[in-house]
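Let's start with one chain on its own, the form predicted alone, as structure tokens.
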């Protein structure tokens, strides 16, 4: 049985997201990121293309590892300046009917009760189309911005996350029973007090004694994303995530990671792999477009991005000097992949200002490669990062989507219901054996 391919757009409320330097291209419109029209137009475009969701990344610190300063990131607009992604979603949701919204929020610096209310509010206002990408952060600059001297150690952050998730489930699932809201005008009773429960938590990191102020949202718990590929990250994903986001790497390694996470979870999990596509009407057209884009790629900005992601100051290395990829608090799976590399090898990967090599070709060739990834690795779909805005997504939707549809590998219409229902074809709320379901009253 052939599986339909899932598609998210992978973006960020900033100018330079993954492919550094593309904002200098004369056709790029990412400089409009500060306007609601920019994001509403993007949401409508994605819904026209029947995308499952818009996955919005976020960080809370500046990239200041390269040369020990933020200068390169500031010069190249490397995820700075950056807006709060949650502020964008209500406008995009109001302009669409089906598109889901996966938003990155760092739990290490979010007061649990306030965050639970914010996400429940978003789930209400989007009619159940919200998702949360669970992250614990990796930038010391973010920790300093929040009043700490440095990030917590990698595994300690996952301990923190386990407690946080238990508290989230208690607030979203255990506060209000499904029948608590009566909205009885005749008797003047909106809520049945006997069906609303105080949430008490006494943990290592947080203490709480409160009645949730919000009534149950359509999904209660938003669709849960997670992107950790380290040993600890995979264990966390298997316990909590519904969707996992993986870096491309080799197909063999992605297949290994997907198989490992699903075996640990023993429940449905969707896997998305990061991808960048440059597509043309012909192979030559695509290659010409790639060369045009390459003239705008920024090596310095890409090094600033990679230095922060890996916790390695690449300015300290000569081109052919072996890079020391020791333990640290950056993204561990990325660091492990750097063993044996040199700075020259790293720079050679920067085809379009990132370490992610693009898929380049005609619509048929791109569709072939996407299908190959799904069929050979077990992933369900892709998080497509932008190159030129909105050109890259318009080309993909106009050229690649029809080919996938003709092959029976992509939907021709949205299903009904919430974000979770569209993704999994089941109910709007998390079901057993997910730990959230055990808390629901």
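Residue numbers count along the first chain shown, from 1. Remember, predicted model here, so these are calculated numbers, not experimental data.
Omitted from view is the form predicted together with another copy of the chain, to which the following refers.
In the model of the complex, residue 35 approaches another copy of the chain with a heavy atom inside 4.5 Å.
Residue contact with another copy of the chain in the model of the complex: residue 59 places a heavy atom within 4.5 Å of it. Another copy of the chain is not drawn, but in the model of the complex it has a heavy atom within 4.5 Å of residue 113. Another copy of the chain in the model of the complex is approached by residue 85, whose closest heavy atom lies within 4.5 angstroms of it. When another copy of the chain is considered in the model of the complex, only one residue from 124, 294, 256, 267 comes within 4.5 Å through any heavy atom, namely 124. The listed set 166, 160, 235, 145 contains one residue whose heavy atoms approach another copy of the chain in the model of the complex to within 4.5 Å, identified as 145. Look at 281-289, 303-311, 105-113, 221-229: in the model of the complex, residues with non-hydrogen atoms within 4.5 angstroms of another copy of the chain sit in 105-113. Taken together, the three residues 23, 94 and 183 all lie with some non-hydrogen atom within 4.5 angstroms of another copy of the chain in the model of the complex. Residues 183, 184, 185, 188, 189, 190, 191, 193, 196, 198, 207, 208, 209, 210, 211 are the members of 181-211 with a non-hydrogen atom no more than 4.5 angstroms from another copy of the chain in the model of the complex.
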